[in-house]
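This text opens with one protein chain seen in two forms, each one given by itself as structure tokens under the names structure 1 and structure 2.
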Structure 1
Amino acid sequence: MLSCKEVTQRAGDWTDGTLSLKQKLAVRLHLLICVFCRRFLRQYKLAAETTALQACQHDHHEVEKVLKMIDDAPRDQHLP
């Protein structure tokens, strides 16, 4: 049986689906009986997703600036 520490060490590969079948079963078996590791793995992924969502936040003025810049850019001359 894996220890909790061993489960958390495999958290990355568990999340990315890169564990071997044997390792995957070992983690799954541990999760059946351990509420803390279940919670950890859920929140480990959640922290990453929350950071990613936050990192995409931007000011809509930035988008307007890009569009203005494109508006001023010449069109490709070869197009009809």
Structure 2
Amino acid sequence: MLSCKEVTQRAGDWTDGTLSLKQKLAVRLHLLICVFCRRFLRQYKLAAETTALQACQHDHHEVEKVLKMIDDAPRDQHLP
């Protein structure tokens, strides 16, 4: 049986889905009996999703910046 420390050390791999079947089963078995680790992994996953969302928003700002540059570009050039 995994300890709480071992479960928290595997939190990133758990969230990324990169644990082996044996490791997943060991974590799930621990989660059945430990409410603290369930809460920790839930919050860890939420933090990871929030970080990913912020990265997407950063990309959104980059897209807006490029669109503004296109809008501000001189329009006196005529295509053949």
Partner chain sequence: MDESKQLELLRQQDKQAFAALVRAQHGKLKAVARAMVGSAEAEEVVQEAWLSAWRALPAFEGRSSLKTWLTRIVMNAAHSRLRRRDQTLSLDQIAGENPSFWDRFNPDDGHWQQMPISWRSDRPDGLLQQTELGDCLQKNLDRLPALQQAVFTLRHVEELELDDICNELNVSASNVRVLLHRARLKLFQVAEHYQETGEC
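Keep in mind the model is a prediction, meaning the values are calculated, not measured. Whichever C-alpha set is largest while still superposing within 1.5 Å between the two forms counts as the rigid core. The first residue in the sequence of structure 1 is number 1, and each one after it adds one.
Annotation: structure 1 represents the form predicted in complex with its partner chain, while structure 2 represents the other form.
Core-superposed comparison between structure 1 and structure 2: CA of residue 59 displaced by 2 Å or more.
With the core superposed, residue 48 shows a C-alpha displacement of at least 2 Å between structure 1 and structure 2. Core-aligned CA deviation for residue 25 between structure 1 and structure 2: less than 2 Å.
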